[in-house]
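In the block that follows, a single chain appears as structure tokens, in the form predicted on its own.
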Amino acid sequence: MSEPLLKVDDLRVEFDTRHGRVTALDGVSFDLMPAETLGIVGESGCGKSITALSLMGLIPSPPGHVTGGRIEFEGNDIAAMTKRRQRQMRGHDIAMIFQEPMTSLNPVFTIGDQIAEAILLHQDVSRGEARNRSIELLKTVGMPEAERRARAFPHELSGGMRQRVMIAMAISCRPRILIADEPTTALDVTVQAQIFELMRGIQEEFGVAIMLITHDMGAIAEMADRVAVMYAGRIIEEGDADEILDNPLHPYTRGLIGCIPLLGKEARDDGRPPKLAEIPGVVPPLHLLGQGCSFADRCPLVHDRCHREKPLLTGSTHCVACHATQMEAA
């Protein structure tokens, strides 16, 4: 077994709010192996993007504070690095595809100039060479008419093209880890499939490890080797993607899988299409989290212990944090 490329151990992040200091990440731990795809899945507000920003050293301070734990990249603690060293690491060692490319790309600079800027920041090359590399990167990510697109501005490209630009920027310095934060948001299913195929090709060509952040269990089934399910700032289930999809243990994971639309479902007795399953309620505000399980108010298996005691993540290869599941196993 090779050593983890990235090791997150008991990570805690807190934010100052008008309700006082609240915990956004509560003891998050996971490993990312070389050339592996790890899926981080959960609803909006579960802590997925905060986890990614923590890995990049981008938690805004104030109001955010990394108050505990370690984030080790090849044995070096990212949280303990100087700001200068973190800037050197971002883009060169760990790169990120942000959720909405239109808000990440500068509207007044051409696509080629923005990709070239990322190259110039981390590599000792001339501006002309950086611009030539930006065109080659656009070709690598399947951009049609790459030379012409390099002279275009972000608003002149479609959503799928802009996402390809973000991927080209992310791989411009051949990082060891690629964090993809909802990389197919607002894209139609055909373009989503193309983006996933592109990411798989990049992984095979460069050997990059991918951390895929998503709310879509269908994307997890398509891309992930392992998956960590997050809820209210904690990982509540973790294991091999196939195992979790075939045998989900946590009620929340079962709910996420149940929300996936499936073709071929039998119609109801009245002839209408089958109802799509849903998880009742919403993720609770962080300042209202109690001492017990944060999913208790939405859980169909809730009992008294769930409101009193926070469940611990237990297991070896397939881990779960759920009193009801652990009682069943006992």
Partner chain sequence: MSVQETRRAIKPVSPLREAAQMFCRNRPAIFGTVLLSLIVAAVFYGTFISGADPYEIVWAPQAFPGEAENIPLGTDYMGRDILTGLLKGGGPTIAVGLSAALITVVIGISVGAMAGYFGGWADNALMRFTEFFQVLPALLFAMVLVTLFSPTLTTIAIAIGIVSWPQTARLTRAEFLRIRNLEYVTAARAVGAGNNRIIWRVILPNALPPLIVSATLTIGVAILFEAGLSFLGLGDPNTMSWGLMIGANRSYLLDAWWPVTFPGLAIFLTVLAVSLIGDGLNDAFNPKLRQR
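Think of the rigid core as the biggest set of C-alphas that the two forms share within 1.5 Å after superposition. Residue numbers count along the first chain shown, from 1. Keep in mind that what you see is a predicted model, and the values were worked out from it rather than measured.
Missing here is the form predicted together with its partner chain; even so, the following discussion is about that form.
S.K.: Does any part of residue 280 reach within 4.5 Å of its partner chain in the predicted bound form? Heavy atoms only, please.
M.R.: Residue 280 belongs to the contact set for its partner chain.
S.K.: Closest heavy atom of residue 297 to its partner chain in the predicted bound form, within 4.5 Å or not?
M.R.: It does: once its partner chain is placed as it appears in the predicted bound form, residue 297 has a heavy atom within 4.5 Å of it.
S.K.: Determine, after fitting the two forms on their core, whether residue 288 shows a C-alpha shift of 2 Å or more between this form and the one not shown.
M.R.: No.
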